[in-house]
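One chain is shown next in structure tokens, namely the form predicted on its own.
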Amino acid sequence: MSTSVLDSSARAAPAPHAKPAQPAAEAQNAQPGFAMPAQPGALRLWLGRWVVPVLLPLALLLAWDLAVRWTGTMLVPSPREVALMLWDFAFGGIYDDAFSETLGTHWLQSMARVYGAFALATAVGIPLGLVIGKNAAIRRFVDPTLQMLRPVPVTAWLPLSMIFFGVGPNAAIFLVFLGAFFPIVINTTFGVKSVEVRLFEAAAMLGCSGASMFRQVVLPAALPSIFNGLRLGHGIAWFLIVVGEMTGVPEGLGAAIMDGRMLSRTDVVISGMVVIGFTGFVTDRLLVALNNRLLKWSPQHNV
């Protein structure tokens, strides 16, 4: 071996007492401007999760109370008067009128109509959206009709629904079904159409085909859009139950709001609105929990 080769090997070998090189990440963190952000503490996480979301509702309540006091209006009740009405609506003992202790009856009737119609819209809308999204021939046949009917306001169907189903709860259920159906089917169709082709190719290479391809590839990939449609349809369902129950329905939150409007009882009207808003919020959280559980493999789609 020549002397020049030995010299070059000696220069390349590390010195026996030399410190090991720092990992690249540590070296990068040591440079100014590359420090990792500090993790939030437990108190900050708790405040962000439980305290921050209630700040805006509390501010709105305060603004409402101040506005009533400042204007001295007798047409709009204060938050305290609405709270008293809610208590009487649920348990009685304050006003002892026709609305006392009737909240449970009205609430159960509205819940049954909303979730009966929502379940029907889900049962029809999701399978139809899956088929429309996957099959181009069916999409060309059905989609133009759906897009033509979708912009028609659901309230425009009100006279026809009363002719088809008569004055009563069935007309309200039909309106809620229509309102929830279109967001569900449109979002499901969009979710299936958005599935990347390479997913189908990869699944086919692994031997997946037919119903197995639909169950293991199409449905999981479309789930985020399906849940978006369900949440939109759920909100519209509660919006339309008030309209539907104003058409000669004797019991229901919409009927109670209508009765309160005719009797100039704005405290009853606002109490019904509060109950609808709170019920819609709680049930939406249940949908979100189901979304997060089924999509835990995709953290970017967790709400």
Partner chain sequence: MFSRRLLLASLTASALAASMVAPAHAADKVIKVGTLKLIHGITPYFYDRFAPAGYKIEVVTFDTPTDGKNAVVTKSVDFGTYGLAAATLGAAAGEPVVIIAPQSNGGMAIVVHKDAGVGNFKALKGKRVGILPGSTQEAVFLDRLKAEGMTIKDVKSVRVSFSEMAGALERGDIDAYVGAEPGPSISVIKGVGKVLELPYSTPTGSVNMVMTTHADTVKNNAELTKAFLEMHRKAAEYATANRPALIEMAGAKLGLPADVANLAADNVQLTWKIDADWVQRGKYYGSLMLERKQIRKLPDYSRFIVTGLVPQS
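Numbering follows the first chain given and starts at 1. Computed from a predicted model, the values in this text were never measured in an experiment.
The form predicted together with its partner chain is left out here; the points below concern that form.
Enquirer: Please identify the residue among Met162, Val82, Ile126, Val217 with any heavy atom within 4.5 Å of its partner chain in the predicted complex.
Expert: After the contact test, the surviving option is Met162.
Enquirer: Quick one: of Gly235, Gly248, Pro40, Gly277, which gets a non-hydrogen atom within 4.5 angstroms of its partner chain in the predicted complex?
Expert: Selected option: Gly248.
Enquirer: Within a 4.5 Å heavy atom cut-off, is Ala67 in contact with its partner chain in the predicted complex?
Expert: It does not: once its partner chain is placed as it appears in the predicted complex, Ala67 has no heavy atom within 4.5 Å of it.
Enquirer: Within 4.5 Å, heavy atoms only: does Ile241 come near its partner chain in the predicted complex?
Expert: So Ile241 does not count as contacting its partner chain.
Enquirer: Just to confirm, Ala59 within 4.5 Å of its partner chain in the predicted complex by heavy atoms?
Expert: Contact check for Ala59: no, nothing within 4.5 Å of its partner chain in the predicted complex.
Enquirer: Taking its partner chain as it sits in the predicted complex, is Asp143 in contact with it (heavy atom to heavy atom, 4.5 Å or less)?
Expert: Answer no; every heavy atom of Asp143 is more than 4.5 Å from its partner chain in the predicted complex.
Enquirer: Within 4.5 Å, heavy atoms only, one stretch in 116-124, 165-173, 189-197, 134-142 touches its partner chain in the predicted complex. Which?
Expert: Heavy-atom contact with the partner occurs in 165-173.
Enquirer: If we check its partner chain in the predicted complex, which of the residues in 227-243 reach within 4.5 angstroms of it by a non-hydrogen atom?
Expert: None of them.
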